[in-house]
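One chain follows as structure tokens, the form predicted alone.
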């Protein structure tokens, strides 16, 4: 055990205690405020025990100060933080809580009604932030930096989400790599509009800012007009988002008057860095954004299991459509279908190795074992190195859809659709889209004498799946295209959507 009184993130916060840390709907808070609140929360969590000893704690907290206080409180108590999405319907929350076996659930009072029925059904202890913050600080346990710190749930080819386990050391390496590559300092001020149950918002924005002693300003949700208004106010130095957000910001800029457009562009040009990730960034979006803001968006490549692995340079030329080179402390290679190193200029699967790579898939030892090849993690993404820089070509599996910055399992969506009383067969694919990266699209074979519209299907699915997993277009077919082995051939389905062949296409 590598026990220390405080993890490095907390140690660094203590050195910056008088600096401004968080700006959110709850107010403005310095690092000492975060330390005090997280100490109270940790003290409540360890009441009656010395140490949570890697007990999973699920927390349903909107983005803001209390989110950070609870996350840090769980870590300082020796627990594993399991962030829950405020946008997920009950079935998805139930699944994550059940799969992680979160013995303790924490909620803001506004979300008590959402979690209490689940807590009672599954026999979990439910605590509210209001009660946790009333605790008197007490002595807290030593923390093993090699111990489990967080579980983020990400969809995989098996259909159901898998829990990706990272240690405190994994998180430290991931953050230090980005702080070094993107030159974070105490003087930075980043605006976060990303969800805080996803690695992009949690690590790349929030934790990097707090590690550097910088200020993280958190909006409760993304709104293009609100973001532009905040950029116009000034003082921001960084902004990170997914391609979909930049598309919406461009649309908002185009709606503005010419006088306001000039002011928006001038304000945007004063930021030192703007980053895009979590999905492929269309070249036309890069070009439009450069015209508007003066920024060539910095593209990078990463995933929940590895943090960030590749990045365009901070100062040198960035090539649109490419994701740069390996970040500090990360090794990257491409392998062919035989598992051998891909020849220069030849596509291969990205494999990653380094101390930032995740520990395991939660309670899935066989899946974890199969994901590694001699300590190299197999990402499932295909790339080619051209002129010395990496270019992502796509997924090795047609069952993973990247939409709006989320990685979605087609198999999980299909499993839900097949429970609909009118659906006989279905196949879900991702169809290329300039705004979303890929649109979740469902080909359906209905039962005899049944009918189904996109609107009614979406209304039905939203009670069972997160919003970003709901199909945005459907085709009604007499039968699904299959290969000689009887397996559904999804490339043909994607082609039907592109050609708009079917009985319903919005």
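Positions refer to the first chain, counted from 1. Computed from a predicted model, the values in this text were never measured in an experiment.
Heads up, the form predicted in complex with a small molecule isn't pictured, but that's what we're talking about next.
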Given 274 to 282, 253 to 261, 106 to 114, 353 to 361, the stretch touching the small molecule in the predicted bound form at heavy atoms within 4.5 Å is 274 to 282
Of the options 295, 318, 148, 198, which one has a non-hydrogen atom that comes within 4.5 Å of the small molecule in the predicted bound form?
-> 198
In the predicted bound form, which of the listed residues (99, 412, 381, 188) lies with a heavy atom within 4.5 Å of the small molecule?
-> 381
May I ask whether 323, 392 and 407 all come within 4.5 angstroms of the small molecule in the predicted bound form, judged by heavy atoms?
-> yes
Answer with yes or no whether residue 299 is in contact with the small molecule in the predicted bound form, where contact means some heavy atom within 4.5 Å.
-> yes
Is there a non-hydrogen atom of residue 303 within 4.5 angstroms of a non-hydrogen atom of the small molecule in the predicted bound form?
-> yes
Hey, in the predicted bound form, does residue 154 get a heavy atom within 4.5 angstroms of the small molecule?
-> yes
Exercise: residue 402 in contact with the small molecule in the predicted bound form, heavy atom 4.5 Å = yes
